[in-house]
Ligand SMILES: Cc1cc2nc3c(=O)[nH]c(=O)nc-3n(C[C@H](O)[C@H](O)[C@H](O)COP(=O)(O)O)c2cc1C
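There is one chain below, alone, in structure tokens, taken in the form predicted on its own.
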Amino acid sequence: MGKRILRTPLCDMLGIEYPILSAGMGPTLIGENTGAPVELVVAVSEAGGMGVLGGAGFNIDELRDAIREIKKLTGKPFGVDLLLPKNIVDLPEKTDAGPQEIPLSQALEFIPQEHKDWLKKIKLEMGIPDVDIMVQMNTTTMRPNQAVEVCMEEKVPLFCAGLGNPGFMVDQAHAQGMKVLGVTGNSKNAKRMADSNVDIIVAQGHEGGGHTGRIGTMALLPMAIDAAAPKPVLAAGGIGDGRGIAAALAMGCTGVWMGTRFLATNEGGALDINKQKIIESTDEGTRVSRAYTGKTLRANYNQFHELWDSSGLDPVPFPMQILVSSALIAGFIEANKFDYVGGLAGQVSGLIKEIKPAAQLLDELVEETVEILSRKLPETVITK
């Protein structure tokens, strides 16, 4: 039997074999370059999909280095995902002339006093050590314009905005021969991105891991497809096997954007404890909270959620809340209190039972999808 083919117009647009993209996932903690690292990007692209680098964990120089490393390791197309939030809380040191990094303890001086008092109280009561992570002041998230320029200069094949509307840089990207992708959680923003001439829109349902919206995937997809037409729409949120891919294609999507399933691979950059929590999870094993970043974000359920809820505090604005969560989570890891540790993950975690190589996973996803579309679905259509 010949090799089975899974191909949509997206493949021609991006120059890839299969319409499957690994999401550009970022880190859980300050100081990590985890999520979707170079190794995962290369593995997925080499296997025929498109790997997307999670750029949120890098500083400006590291981003450029990672892009160049990918180019050395594969000649296949790849993407880079950055966060482009509308508003970023400024730190006094976040200037071009300021230091490139400062200790977390110093950065925490800029959060409200009630949050500092709470951190001190929890650390004392629970015996949590101070882990003084270095906070980089020139991260891609703190300096998004510089990060976008790096992607332009390096002529990244696909620029992805995991947060925010990348419409402002579409013309410049197109002039460089690049494609632009935006992620949205509702049909209104899908139309806004399409009107901005973004090439590809990812419609991510509430089930998705990381920053996520309020609308379920099955309800969101047809509305986003209609709103963005004729722009291609990829499905995200709750997709972890060939059944999900087939369903997305049947609904009119031209491909899928998969995060959690690729995070739980050999090359996925999650901490080992977070990979383990994914494969041990049930369909109810995640929770949406603003505790991590100040924005709604889905992660493995753990006791940090309850601890934060009991504080009575409102999260500080993005990305300052990341300082608060990192200060505690790094201490929990140091103290081996893993009941208080959980990484970004979607509800599809309940489907995932093992860690495997990304290339093997991609092959299995394609085989299962083709089997459904070519044999199982046609068998349900009876002509009298």
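Here the structure is a predicted model, which is why all the values come from computation and not from measurement. So that there is no doubt, residue numbering starts at 1 and follows the sequence shown.
Omitted from view is the form predicted together with this ligand, to which the following refers.
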**Report entry** Residue among 255, 79, 268, 209 with a heavy atom within 4.5 Å of this ligand in the model of the complex
**Finding:** 209
Query raised in the report: Exactly one of 358, 345, 41, 327 has a non-hydrogen atom within 4.5 Å of this ligand in the model of the complex; which residue is it?
Result: 345
Query raised in the report: Among 103-111, 260-268, 146-154, 219-227, which stretch sits within 4.5 Å of this ligand in the model of the complex, heavy atoms only?
Result: 260-268
Requested in this report: Mark residue 20 yes when one of its heavy atoms lies within 4.5 Å of a heavy atom of this ligand in the model of the complex, and no otherwise.
Outcome: no
Requested in this report: Indicate whether residue 173 is a 4.5 Å heavy atom neighbour of this ligand in the model of the complex.
Outcome: no
Query raised in the report: Do residue 238 and this ligand share at least one heavy atom pair within 4.5 Å in the model of the complex?
Result: yes
Query raised in the report: Is there a non-hydrogen atom of residue 25 within 4.5 angstroms of a non-hydrogen atom of this ligand in the model of the complex?
Result: yes
Requested in this report: Would you give me the residues of 151-170 that have any heavy atom within 4.5 Å of this ligand in the model of the complex, in order from first to last?
Outcome: 162
